[in-house]
Ligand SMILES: Cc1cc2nc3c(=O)[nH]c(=O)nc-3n(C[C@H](O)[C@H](O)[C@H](O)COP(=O)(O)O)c2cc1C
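One chain follows as structure tokens, the form predicted alone.
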Amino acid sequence: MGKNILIISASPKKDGNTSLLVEWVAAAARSKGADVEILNAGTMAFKVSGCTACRACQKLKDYICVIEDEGKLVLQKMISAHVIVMATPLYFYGPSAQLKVIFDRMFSLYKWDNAAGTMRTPLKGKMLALVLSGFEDVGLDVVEKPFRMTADYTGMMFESLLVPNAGVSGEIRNKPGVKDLATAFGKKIA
């Protein structure tokens, strides 16, 4: 049985560059036997625009966010996935707001004991992957850094597919070699 891969696509555009990359990565991963689920953060209903720092999750035994919305379901799916792929366009040297909502609320998937200096998480040992496209070739490394650092802190493997000079929405399909890169990436994470 192949890996369980959860892809969180965070582009608000159905036919944009990020969506195309997600399609190519998912198809390649499926070709290697992976079970791939794609969730579109751009169409989810969120009660809040990120983690509210209520810390109620830290008082619970389970790794769960107390905010009742679709973001909570995404976080729960992360626990059972072998590979978590976060896909976003580059927006002002950051991920899209839709992805940032999920990324910040991952706080609920960690338990800290500050007195003992320990941290536990069900994400340890999994793979975190980033799929990122930018109109130009500037800023992709800036966006990659917090994802890489989170994986390192968490004890996750990390992979990234950074696609510079993707152009405006949908133009990526005409960029030579990009589909091949996405296909190779999908097979690698599977």
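Residue indices: 1-based, along the sequence shown. Quick caveat: nothing in here was measured; it's all calculated off a predicted structure.
The same protein has a further form, the form predicted in complex with the ligand, not shown here; the description that follows concerns it.
- The ligand in the predicted bound form is not approached by residue 107, whose heavy atoms all lie more than 4.5 angstroms from it.
- Not displayed here, the ligand is kept clear of residue 71 by more than 4.5 Å at the level of heavy atoms in the predicted bound form.
- Although the partner is absent here, residue 93 lies within 4.5 Å of the ligand in the predicted bound form, judged by heavy atoms.
- Contact annotation for residue 158: none of its heavy atoms lies within 4.5 Å of the ligand in the predicted bound form.
- Proximity to the ligand in the predicted bound form, taken as heavy atoms within 4.5 Å, picks out 133-141 from the listed stretches 32-40, 133-141, 55-63, 119-127.
- Contact residues in stretch 155-169 (any heavy atom within 4.5 Å of the ligand, taken in the predicted bound form) are 166, 167, 168, 169.
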